[in-house]
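Below you will find one chain, with nothing else, as structure tokens; this is the form predicted alone, and questions on how it binds or moves follow later.
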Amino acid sequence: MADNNVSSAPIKYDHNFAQEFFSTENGRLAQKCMQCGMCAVSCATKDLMDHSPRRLFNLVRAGKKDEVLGSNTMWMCTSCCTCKVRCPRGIPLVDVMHDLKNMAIAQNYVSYPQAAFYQAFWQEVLNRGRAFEGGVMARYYLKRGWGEIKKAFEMKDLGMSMLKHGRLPMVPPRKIKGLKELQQIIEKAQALQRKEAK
């Protein structure tokens, strides 16, 4: 008897994906996972995740790139470090999640709002050497599009209250001294990271 719930769409496997992920700074440590599930039972946001970290590592090994990078698991991680502390193999799961976020952004898997926020925050810090909340918000809403901009207008009372109480500065801070040197350091670090990943 045929199962009507089985999709006829082809399953996509990327044979190089696991190798690519395991070559990242912390991705290689995910290979030590013994599938005990301690990370899943320790995680405060596991109910919001598409897959537990343990399951995500299995999907990496299976070469399911779209399922891994398109999942919300790494974006739901709050970096509380509970999983990192409890992992019997000492896998720094928070750092592994950060590598997955980097991969997702680099390969344009950016449908989650957290991805837009990460990009906005990073661009703001790269351009000023520090974060300006107004700049981060503007970049975030421009990345998310008109729907999110309309939602921002719905929160105008909150924004006005924050401005009134000095919690949201109107004027951007000065750029840091030595910004060019900071940008050169970041460029060098990124080049080293790319070189190590090969």
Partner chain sequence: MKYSLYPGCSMEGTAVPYLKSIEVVAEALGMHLEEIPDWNCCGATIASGVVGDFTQQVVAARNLALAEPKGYDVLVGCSSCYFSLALTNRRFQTDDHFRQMANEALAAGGLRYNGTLRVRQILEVMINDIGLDKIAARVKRPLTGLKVAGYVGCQTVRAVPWEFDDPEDPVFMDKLIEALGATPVKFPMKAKCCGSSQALTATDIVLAAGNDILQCALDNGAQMLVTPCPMCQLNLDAYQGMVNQQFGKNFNLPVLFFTQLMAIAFDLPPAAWALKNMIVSPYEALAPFGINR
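Positions refer to the first chain, counted from 1. Please read these numbers as outputs of a predicted model, since none were measured by experiment.
The next section is about a form of this same protein that is not shown, the form predicted together with the partner chain.
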{"item": "Contact flag, Gln107 vs the partner chain in the predicted bound form, heavy atom cut 4.5 Å", "value": "no"}
{"item": "Contact test in the predicted bound form: Gln190 vs the partner chain, heavy atoms, 4.5 Å", "value": "yes"}
{"item": "Interface membership of Lys177, the partner chain in the predicted bound form, 4.5 Å heavy atom rule", "value": "yes"}
{"item": "The partner chain contact at Arg130 in the predicted bound form, heavy atom, 4.5 Å", "value": "yes"}
{"item": "Interface residue in the predicted bound form among Met137, Ala62, Ile149, Val41, criterion: non-hydrogen atom within 4.5 angstroms of the partner chain", "value": "Met137"}
{"item": "4.5 Å heavy atom contact with the partner chain in the predicted bound form for all of Tyr118, Trp122 and Tyr141", "value": "yes"}
{"item": "Sequence-ordered residues of 24 to 60 touching the partner chain in the predicted bound form, heavy atom within 4.5 Å", "value": "Glu25, Asn26, Ala44, Thr45, Leu48"}
